[in-house]
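What follows is a pair of forms of the same protein chain, given separately as structure tokens and numbered structure 1 and structure 2.
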Structure 1
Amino acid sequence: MSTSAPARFLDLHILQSVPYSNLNRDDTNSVKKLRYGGVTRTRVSSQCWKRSIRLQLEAAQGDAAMRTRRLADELRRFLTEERGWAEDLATRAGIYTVVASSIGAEPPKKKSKDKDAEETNLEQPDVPWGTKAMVYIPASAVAELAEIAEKHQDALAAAADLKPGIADKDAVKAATAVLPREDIDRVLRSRNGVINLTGRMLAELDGAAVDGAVQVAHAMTTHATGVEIDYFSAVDDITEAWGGTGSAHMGRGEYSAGTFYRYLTVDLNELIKNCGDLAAARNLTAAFVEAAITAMPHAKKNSTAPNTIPDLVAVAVRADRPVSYASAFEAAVPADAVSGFAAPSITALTTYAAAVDKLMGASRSPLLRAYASITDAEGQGLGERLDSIDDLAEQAVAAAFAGRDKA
């Protein structure tokens, strides 16, 4: 592979020490665990950490995405509150929009067991028609759909309400006569940064599915961990004031602590394809790298404040394939008497990265390899040491998009 081959994958390897906490728990409120290399580790699921990354990314970009089946309901709200439409016309516009779309919609179903009450409910449906599948759209799509309704306001005013008893094809016929299906579908196909990164499933609408461009592994500790059971009691102030004994409440929580290895990769070709625009893909990659490094799950944040930053962040920009370094920790890292798990984990990662390079051969070495760390540890196998995470992110994105900018 020549050095002129374009980068295709941006790998992030993060070592992060997290104190006594429970970032991600299971149905028994226990810390999520994983057995690896014969010992039990603490685990934080990929979906848990990815959600924190997504929320931080949405906030940073001011560009939220929305999953909903209540698009008709939201349109009614938007048209009445933001555009001053009358309630009944806004309701009709919401229902017409979802029925006219390729997703289709269903009338609200009976609510109570009393048949008479039901019918009166359905005359003035409290809950407008739900879409047949959940849509995942940029939050800004609601305003765009409202635009379409405004454009056809007169026709909507002249149209009849769709009654819940109406046959599906009659409803579709009535709705598409007033609102153009293509215009609505175009809005429902629209994407934003988060959808381009994490993907969307929507089989009902051709061309709406988006394959995600990021892959996130479950985070796990580099070493064996145990679960600490915290038995607690809550003092009853009045009992105490009266000199009595006994507590107001007793319970137990489960916690763990450790140094986590986190691995994430960006599929650059897929992201560029999803964005359809090199500059947007580049900005999104930079925002994702930033969020991936800094976002934290915040379960039990008020009782544990586990707001750490990584001990080390390493990037590898590759032209061949993404490579996880999880195996660096398959043999559990023993604690160092002075530094705990952080320094030996960095050493293990460095040694493993060098072994991977040897196995894969010089022709497959990364296009860029660099790291930043809060410790003094040297990481030869991880490439050049950079001063800050900002430098690291900047260089990684530059290397990832080098040679593409001219295209």
Structure 2
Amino acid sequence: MSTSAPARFLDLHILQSVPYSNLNRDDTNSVKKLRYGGVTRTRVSSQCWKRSIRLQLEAAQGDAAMRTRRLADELRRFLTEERGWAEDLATRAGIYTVVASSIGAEPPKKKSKDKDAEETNLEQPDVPWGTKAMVYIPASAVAELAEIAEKHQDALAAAADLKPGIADKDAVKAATAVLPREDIDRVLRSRNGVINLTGRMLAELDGAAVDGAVQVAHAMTTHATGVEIDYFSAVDDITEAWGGTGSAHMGRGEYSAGTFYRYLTVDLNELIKNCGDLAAARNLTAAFVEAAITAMPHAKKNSTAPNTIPDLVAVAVRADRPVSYASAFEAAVPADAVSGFAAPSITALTTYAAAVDKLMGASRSPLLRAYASITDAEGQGLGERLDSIDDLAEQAVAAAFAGRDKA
């Protein structure tokens, strides 16, 4: 690759051993699996690991976002707790805000009768008014929506409540005129760093969609895995104190263990376009690299504590296209009698990376290849060895933005 070509993609390749755990369950509480290379492996979905990355990144940046259909309820909470609004008016403001938006409102459907409802013969919702689609907005957007509600507080006070569960189309149509749709939609189109990274699908609102700048593969073990069934029971302390036997609860869970290959890539051009600011894109890339390496899913954390760090992290900064090394493990890695799966997985990754470089040719060589590892295993096929994740992230980001700072 010509050294004058700007970097386009920053690839991350991570090998990480995880002990007995179930980081990501399917709809039956089973370990997620896949068939690859003729064997069954353990899988962690990209959505699962990406959520952990997103939350860690947001905490580090101090700039949270929220995915929710309960915007009306969150606005009610904000107005009552932060602005001192009366509960009934704040509830009306939340409902009228989502009704007025281009996304539209979803009236409560699930209902029950509580004691007060029986006395008044009114059905009460179990689920409050929501938006017709899940919104993904900066957390700060709630305060901006509250500002709009405060500007129109008199109109809201004079408006009528929309009764839950009743398809009163005329009342809903009239409610859309109480608050300014354009102002609300503008807030719902707003975005922050993590939205610029991960993207947003919101077809209901023109101009709200954002193409994600990161791709995250489903993590998979480099080798075949089985599922372990854990039968468990909970002791009743009083029964035990009285000399009794038996348990208060019995159950079963599924777990597995293994060495995972994780692959992520950042489209630098897309991120810079989304951010509209080179410095912001660079800072966001650095934060994402750190979070991508260190974040862990939290499923069953209290009973398995699977808080490992990667065995190896490799980066490749490329100008042409991203390249996954997943094919390095299409043939399942056999366990090493001495070091388990981690060491042979590093060997397989190193060998495959060298083969890719040879096949792709010098004209397509990465602008930077480097790695850091907790083991002493050599990874010549992965480029220069660095001492730490900090060193790796710093060099990767520097290579990714080299020359752009002068543009």
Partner chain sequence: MSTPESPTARPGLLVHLSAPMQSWGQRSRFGERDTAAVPTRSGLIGLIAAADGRPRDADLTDLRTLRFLIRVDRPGSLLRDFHTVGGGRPNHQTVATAEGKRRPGDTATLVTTRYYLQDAAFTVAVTTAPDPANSTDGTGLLAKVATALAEPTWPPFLGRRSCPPEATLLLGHHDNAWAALMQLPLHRALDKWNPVVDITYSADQPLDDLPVPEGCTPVGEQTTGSITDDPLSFAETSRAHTRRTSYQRVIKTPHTVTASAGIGTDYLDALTKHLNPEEAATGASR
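One-based numbering along structure 1's sequence throughout. Here the structure is a predicted model, which means the values were calculated and not measured. In this text, rigid core is short for the largest set of C-alphas that superpose within 1.5 Å between two forms.
Between the two isolated copies of the chain, the second is the form predicted alone. The rigid-core alignment places the CA of Arg369 less than 2 Å apart between the two structures.
In the core-superposed comparison between the two structures, the C-alpha atom of Ala158 has shifted by at least 2 angstroms.
Comparing the forms between the two structures on their rigid core, the Cα displacement of Arg54 stays under 2 Å. Core-based superposition between the two structures puts the Cα shift at Ala175 at 9.3 Å. Taking the core as reference, the Cα of Tyr96 moves 7.0 angstrom between the two structures.
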